[in-house]
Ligand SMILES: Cc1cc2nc3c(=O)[nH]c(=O)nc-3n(C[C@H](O)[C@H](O)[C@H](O)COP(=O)(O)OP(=O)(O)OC[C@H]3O[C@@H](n4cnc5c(N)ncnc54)[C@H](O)[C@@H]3O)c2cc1C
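First, one chain by itself in structure tokens, the form predicted alone.
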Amino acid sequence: MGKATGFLEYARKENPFRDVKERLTDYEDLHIQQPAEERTCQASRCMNCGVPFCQSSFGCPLHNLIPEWNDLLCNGLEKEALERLLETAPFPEFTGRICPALCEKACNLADDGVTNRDNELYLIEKGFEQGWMRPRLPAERTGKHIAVVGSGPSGLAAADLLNRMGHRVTVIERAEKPGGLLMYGIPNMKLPKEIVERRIRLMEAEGVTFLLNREADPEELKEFDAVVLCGGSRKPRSLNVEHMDAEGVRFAVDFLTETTKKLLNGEDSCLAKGKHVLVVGGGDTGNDCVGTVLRQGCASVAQLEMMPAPPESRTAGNPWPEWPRTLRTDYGQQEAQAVQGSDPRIYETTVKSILTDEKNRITAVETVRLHRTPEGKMEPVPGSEQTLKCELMLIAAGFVGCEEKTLQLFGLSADGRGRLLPENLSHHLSGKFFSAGDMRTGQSLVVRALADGRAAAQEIHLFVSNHH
């Protein structure tokens, strides 16, 4: 423990958001990084608990050695702290920006938990700044060649660890840039794309090969000793209403991807400019859509959430150290409040019908209120219908599994939830094929995809080692 009384002397202090009016004019990083002195103070709040729930299954899926590197950071041993962090965390520059920080809610300080996410971001950025993040080449190569299909979080994590184990790794990606969700599905203000590209360059220097604009070919994959499918859970959940084919009805990730591509090409993205926008879905992706359409100059934005508003505190039905389901106002909702004067979220409401004009363009959405039945189902409330003007509807209702195209291409069968999850819960599908990430588990957090990619790499390593 760096400072036994640190948690008593210093209050929790996160990296603050930039001013709302300023950040709404660009797609730059949302946060202001704090100086080293503040990070030292925050690290000193870590109590080195007898039972560190932060690195348990309740806290960090990667099982980061949080008390250890917080102690080193507190004592000014930044390089050593980074080395300890990198033992378990493949890409702290990603998780330090986009992870919901389950570890902080599992902290023994509870709602005043240590700012682990900001601390790890400080360490990795310090490492790049000081030149500590140099290519780490394996001492020797095994002669085994592994293919990773998909370069999202799980694919990159699997490729990174397999390469460190000495295997030759080739990542096959259908898009023009690697990164998957990290590159295209998460807005630039949450995860600047130069950060993703910086990591890709480092991985290439370490020996990982990226083949871009390429669909995986089963015939070409025969030359590899093992193949791990990391294509994600890419099949979006639709709405059971008519006119889903109307102009102006879009799936959220498609919209976010298009926006990112235009930004990367130096073009203005103004699909929402001057339009009344309705976002269907109250999760992180829905919030990202709210923040994005505001930057594009929408006329208004509302966000529908089927479930009731969660409580404002973690006291009711939220057992510590599990992640509490509490009311959280994220950056997009904060920005909507600043622009429109109120939170854009409408709880216990869903889409009943889509209204269109003679050219099949969306003009409005009829919504209906929901209530929970004694059996726990959410059902419509008769007579509660309301019509909202809408010229762009973004559906952020989650995903229901991997693409049918992938299943057909490799002759695979998904389970009832669209997952490539073997009955024994391993990563091994059949022959030399494995699965990892959202394709295996269903949609989840980036940090869980990273952990699953690393777990798949360990399984593949044993497989190829036992097959000479």
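All residue numbers are counted from 1 along the displayed sequence. Predicted model only: the values in this text are computed from it and were never measured.
Unshown form predicted in complex with this ligand; subsequent notes refer to it.
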query: Exercise: residue 446 in contact with this ligand in the model of the complex, heavy atom 4.5 Å; finding: yes
query: Partner proximity in the model of the complex: residue 200 to this ligand, non-hydrogen atom cutoff 4.5 Å; finding: no
query: is_contact(residue 285, this ligand) in the model of the complex, heavy atom dist at most 4.5 Å; finding: yes
query: This ligand contact at residue 186 in the model of the complex, heavy atom, 4.5 Å; finding: yes
query: Per-stretch contact check against this ligand in the model of the complex, the hit in 228-236, 368-376, 304-312, 135-143 (non-hydrogen atom, 4.5 angstroms); finding: 228-236
query: Residue among 336, 172, 280, 392 with a heavy atom within 4.5 Å of this ligand in the model of the complex; finding: 172
query: Residue (of 253, 298, 74, 147) lying close to this ligand in the model of the complex, criterion heavy atoms within 4.5 Å; finding: 253
query: Contact set, 125-159 vs this ligand in the model of the complex - heavy atom within 4.5 angstroms; finding: 149, 150, 151, 152, 153, 154, 155
